[in-house]
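Just the one chain here, the form predicted alone, laid out as structure tokens.
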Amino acid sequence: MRVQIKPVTRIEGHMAITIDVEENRVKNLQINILEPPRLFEKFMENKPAEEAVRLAERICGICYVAHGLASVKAVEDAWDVKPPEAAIKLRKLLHAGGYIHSHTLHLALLALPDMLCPGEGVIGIAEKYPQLFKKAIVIRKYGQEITEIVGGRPIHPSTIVPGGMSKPLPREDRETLMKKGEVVLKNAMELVDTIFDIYEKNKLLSTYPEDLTYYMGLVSHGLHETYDGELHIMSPKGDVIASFKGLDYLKYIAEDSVRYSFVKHPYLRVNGEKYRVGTLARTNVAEKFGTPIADNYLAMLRKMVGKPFHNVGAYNLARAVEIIASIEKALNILEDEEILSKNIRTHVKPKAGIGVGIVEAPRGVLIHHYEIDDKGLLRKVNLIVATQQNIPPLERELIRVASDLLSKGEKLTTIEQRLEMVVRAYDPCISCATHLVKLRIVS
């Protein structure tokens, strides 16, 4: 018997799950990406490297800040450019805005319906929990306001340029963001308290699978990091087995393709193992956030699940803590007088080179790898996106959940609902993950 969940709902993009069941057991399970190939890696070729940022931001309508930052860092790496410190701080502020917007969108509108009103979706949350819904809208709006003020517009920012930023931050805008940020932080704490309370009262972690995988995430001097730092690979036991930066990623990450999907399947070169990225990985590899309120919530989280923790449902809890950390980090940056500096751009000169830009997108490690010729044109582009790194372990986890529920004689509707919950915990971004595997031109 073949069962297909098509489409998986309340995620970004189009995905299906195909399950072949034989004698009440899972014979095969596939995650089918229904999104057509995006072709970005191909049509970015032969374009001026200065335009890479604008093109990369269009990969996604949610992860645009992360793609823009990874792209500009790759170009700057190839051209040996170091932006002024004020520009880096503005980029980090912009990145925090992207996190606030993305994480709140997912938790409040995509994941909470699974916790509070299964089967009713966003409308159920808005009708049954209007105050909670309104708080989420306020928090998400704040993330968009940061993006608009610092990035020039709320979607696909225009101020990220090789060498720094193109627009300084006016003092009055800074004051506006600081005042709103204090209010938003209080709303966010209430939202996060609600999510932790729901998880504990309903024992939600028990409805998700445990998966002892390897993890990968950015770390800077032991602290949670999203813009810079080193990538750490952690074993299921919590041991850091490798640390690296930039082009060294090629020594540790390999990519494979499968016949049934346009999503490439990465794995670790050192042992052939699959690994996970995103909120769960970041919270495992870092010792702490370095901001007081988020660190208090992190202690609560680790008291619930330990360290390292492997439960898929903890992705949502870690995501909630990251909302707090992102607001705290944004407020810390806004208090820094240096962000008002007019010295926010270094002169750049195109040249031949190879550059790698790595940031943590809200969904996990994002790598842009460019080869640029002596005319300043992109000759080769490779992207490793967060969601594609999570797809292989996600398939394994779905098989476990489906097999367990089938053995217990659960109804098909229950199995489908639980599988979608597992998928949504990752907050997958299918538009980002869908890549061209092979292009053949026939004349």
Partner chain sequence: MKKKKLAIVSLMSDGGCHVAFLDMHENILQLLQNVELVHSYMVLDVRRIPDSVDIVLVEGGVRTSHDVEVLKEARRKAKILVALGSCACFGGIPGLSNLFDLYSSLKYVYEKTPTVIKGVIPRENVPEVVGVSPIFRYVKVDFQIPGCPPESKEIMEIILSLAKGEKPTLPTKTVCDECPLGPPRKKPSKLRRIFEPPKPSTCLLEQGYFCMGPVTRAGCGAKCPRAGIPCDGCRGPASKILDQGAAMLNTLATIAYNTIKNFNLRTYSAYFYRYSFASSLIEDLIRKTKVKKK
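It should be emphasised that the depicted structure is a prediction, and the values quoted were computed from it without experimental measurement. Residue numbers count along the first chain shown, from 1.
Keep in mind the form predicted in complex with the partner chain is missing from the figure; the text below concerns it.
- The three marked residues, 87, 135 and 171, fail to reach the partner chain in the predicted bound form, with no heavy atom of any inside 4.5 Å.
- Only one segment in the set 264-272, 352-360, 233-241, 335-343 has residues whose heavy atoms sit within 4.5 Å of the partner chain in the predicted bound form; it is 264-272.
- Of the listed positions (41, 404, 410, 395), a single one reaches within 4.5 angstroms of the partner chain by any non-hydrogen atom in the predicted bound form, namely 41.
- For the candidate set 253, 312, 218, 78, a heavy atom within 4.5 Å of the partner chain in the predicted bound form is found for exactly one residue, namely 253.
- In the predicted bound form, none of the heavy atoms of residue 400 sits within 4.5 Å of a heavy atom of the partner chain.
- In the predicted bound form, the partner chain sits within 4.5 Å of a heavy atom of residue 120.
- In the predicted bound form, the partner chain sits beyond 4.5 Å of every heavy atom of residue 92.
- Put simply, residue 101 is close to the partner chain in the predicted bound form: some heavy atom of it is within 4.5 Å.
- For the partner-free chain shown, 159, 161, 166, 167 of 159-174 come within 4.5 angstroms of the partner chain in the predicted bound form, judged by any non-hydrogen atom.
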